[in-house]
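Just the one chain here, laid out as structure tokens, in the form predicted on its own.
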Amino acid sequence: MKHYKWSDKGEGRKIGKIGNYCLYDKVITEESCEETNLSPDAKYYGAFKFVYGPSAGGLLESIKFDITTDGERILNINSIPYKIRKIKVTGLSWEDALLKIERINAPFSASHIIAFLLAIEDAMNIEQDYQTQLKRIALLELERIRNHLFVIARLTEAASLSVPTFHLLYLIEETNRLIGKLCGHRYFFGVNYINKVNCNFEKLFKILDIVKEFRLIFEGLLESRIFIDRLQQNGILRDRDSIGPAARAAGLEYDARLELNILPYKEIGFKIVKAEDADAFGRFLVRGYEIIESSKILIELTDIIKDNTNTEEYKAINDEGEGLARVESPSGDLAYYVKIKEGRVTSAQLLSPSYVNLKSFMKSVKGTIFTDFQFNWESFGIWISEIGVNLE
């Protein structure tokens, strides 16, 4: 493996469980990764249990929360995701495996497929074309903008702010249409291959129009005391094991874009966005400013991406090996560890950001009140669809 090495013990930043292993920022170990989110059910005077979900109006996907409360405060909480899927990829060629990987979670399709392809290329020892690397950055940043718009729309909807909510949903649709024009599919299906991206970025600059409208909404929300009051001091989390916007909202400079040299982010002037509040408001700020930062990256790319598609066949040095790659998805680190033999996948392991963020959310929500639950939950940008995935 080019980007990672095996180790007897953890070194550096701990990221989370990947299959039967534990992933750190530069090493992978066979140690346990402490993965239970079940809390002991302590006794509280006057407390009772309240079940929220698995199908409730405030939840997009199926997850059940067992909440112990004394009326308003959340004293204890456990969660059970209700979207368990076994997805078979072993024995498949990497091309057939792609079709399943890119559909695990459509809103994060670019992150999943690029991390998977980088791991396959690592296993095969394939040198990526520089233009392919730049185009992959463009896909990841377009996906980040779309997702952050969605998370902020969910936050404004929870506050019953209909005008910004529908305006943000309109901007999400405009982003989807732009992606569709660039790549032929709104969720990047069928555009990524080994050392190749089939998109035409000639009109990439149009993302500026979308982000310009977003900035007006964002500035308006920052002046709305009604909105900000629901986020500040809500779900405070300062945890060295957190990832993505949740970590950066607590002032931690955790970002796979700068930690690894898999994609050339350092060459295009990328800067990490941070906040210090560590609460739902901090996570809102990080997502808002990251939309603006991502648009700057995309405009930088319009000058250096050449729209000639790489037509050369990939040249694999290895037909058998192991590879591990990690990207910064909109909600944090996303990684694949794969083994291949004669061009076929013999095993694959996934570390999803939602799995790690669910644990972070569970830590942050204790002691808050139930009327603030929705704002805290949405601020983590969790997708249940990728938590219960078992790759076979």
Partner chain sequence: MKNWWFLRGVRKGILTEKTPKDIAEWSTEIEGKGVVNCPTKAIENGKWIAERCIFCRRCYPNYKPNLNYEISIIKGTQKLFKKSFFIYPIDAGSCGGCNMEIKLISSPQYDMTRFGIFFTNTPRHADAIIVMGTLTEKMKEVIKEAYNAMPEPKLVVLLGTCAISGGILGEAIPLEASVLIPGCPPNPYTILDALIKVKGGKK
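It should be emphasised that the depicted structure is a prediction, and the values quoted were computed from it without experimental measurement. Residue numbers count along the first chain shown, from 1.
There is another form of this protein, the form predicted in complex with its partner chain, and it is not shown here; the text below is about that form.
Participant: Based on heavy atom distances of 4.5 Å or less, which listed stretch (167-175, 132-140, 258-266, 292-300) is in contact with its partner chain in the predicted bound form?
Facilitator: Selected range: 167-175.
Participant: Can we say 208, 236 and 273 each have a non-hydrogen atom within 4.5 Å of its partner chain in the predicted bound form?
Facilitator: No, the whole trio is out of contact, none within 4.5 Å by any heavy atom.
Participant: Which listed residue (201, 281, 254, 187) meets the criterion of a heavy atom within 4.5 Å of its partner chain in the predicted bound form?
Facilitator: Only one option qualifies, and that one is 187.
Participant: Sort through 183, 77, 158, 231 and report the residue having a heavy atom within 4.5 Å of its partner chain in the predicted bound form.
Facilitator: Partner contact (heavy atom, 4.5 Å) among the options: 183.
Participant: With the partner left out here, check for me: in the predicted bound form, does some heavy atom of residue 82 sit within 4.5 Å of its partner chain?
Facilitator: Yes.
Participant: Hey, in the predicted bound form, is residue 54 touching its partner chain, heavy atoms inside 4.5 Å?
Facilitator: Yes, residue 54 sits close enough to its partner chain in the predicted bound form that at least one of its heavy atoms falls within 4.5 Å.
Participant: So in the predicted bound form, does any heavy atom of residue 216 sit within 4.5 Å of its partner chain?
Facilitator: Result yes; residue 216 sits at the interface with its partner chain in the predicted bound form.
Participant: Looking in the predicted bound form, any heavy atom of residue 375 within 4.5 Å of its partner chain?
Facilitator: Residue 375: no, not in contact with its partner chain in the predicted bound form.
Participant: If we check its partner chain in the predicted bound form, which of the residues in 100-122 reach within 4.5 angstroms of it by a non-hydrogen atom?
Facilitator: Counting only heavy atoms within 4.5 Å of its partner chain in the predicted bound form, the contacting residues of 100-122 are 100, 103, 104, 105, 106, 107.
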